[in-house]
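We begin with a single chain expressed as structure tokens, specifically the form predicted on its own.
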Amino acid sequence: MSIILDGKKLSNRLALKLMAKISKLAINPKLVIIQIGNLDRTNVYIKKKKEFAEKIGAKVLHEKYPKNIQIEKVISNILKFNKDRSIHGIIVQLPLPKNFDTTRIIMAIDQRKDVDGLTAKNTRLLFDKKNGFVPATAKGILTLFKNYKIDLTGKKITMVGQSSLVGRPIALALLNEGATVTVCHTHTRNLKEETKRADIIVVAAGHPGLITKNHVSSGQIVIDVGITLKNGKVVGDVDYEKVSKIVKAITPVPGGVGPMTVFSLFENLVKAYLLNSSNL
């Protein structure tokens, strides 16, 4: 059996350090979570964030809107949150209903409060290897590698999934760590060939069971970013039961990348608090 890269256990340990840091701040950092609609999986994501915030001493303002709200109203409220000095971070819980312009809403967030690292300014900083807010999922994966002492320098990494909000930022973050990154997508001709020759496979396709035992080789590390609710159960993009018997190390779903993403979000929130406090 492979080594389990336990994100839940690691995030709980790192949370203690974050809690100690927050206890020394003048006020508790405050995060606004904007939700549009009522998807089951977004409710699950937000619940996890609220639970983590309570554990470490951060505050969360949950702004929930019906799926028929006008986009101008949402953006107007974001602009108010941008100006509110008691608020240190703002995120839009994804995915949004199909009729909403996700990019337009995200771009309304002040980049100094963009703790999910998805605005154009923070994306550019990531692209240029400069200090900004690294997207929480990408940052969580890097923290996982660091704590399990997995050096990415020179490693061949196959990134499966190229979404602008998840796959591409992860690929950029890995590239910045000195890895050689191949990005695969729906038009990739021979996915099995690309994944089997990698040292590390990172999957963020949103396609349950996409990566099977036929896609992997012994000695590999597999990072499963996929989260899908299927028959009331959270599943990933990897056939965990069979793949885990072949590869060297693997993240479970749930309990792998998800908890590290939540931790990284609040680590970014504390960073935003400190940056904004110094600019007052």
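The first residue of the sequence shown is number 1, and the count goes up from there. Please read all numbers here as calculations on a predicted model, not as lab measurements.
Separately, the form predicted in complex with another copy of the chain exists; it is not shown, and the next lines address it.
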| item | value |
| --- | --- |
| Candidate stretches 203-211, 163-171, 72-80, 136-144, one within 4.5 Å of another copy of the chain in the predicted bound form by heavy atom | 163-171 |
| Another copy of the chain contact in the predicted bound form: Tyr148, any heavy atom under 4.5 Å | no |
| Residue contact check: Leu118 to another copy of the chain in the predicted bound form, 4.5 Å heavy atom | yes |
| Heavy atom of Ser86 within 4.5 Å of another copy of the chain in the predicted bound form | no |
| Proximity of Thr153 to another copy of the chain in the predicted bound form, heavy atoms at 4.5 Å | yes |
| Three-residue site Glu63, Val225 and Asp239 fully in contact with another copy of the chain in the predicted bound form at 4.5 Å by heavy atom | no |
| Stretch 122-154: residues contacting another copy of the chain in the predicted bound form, 4.5 Å heavy atom cut-off | Thr123, Arg124, Leu126, Phe127, Asp128, Lys130, Thr153, Gly154 |
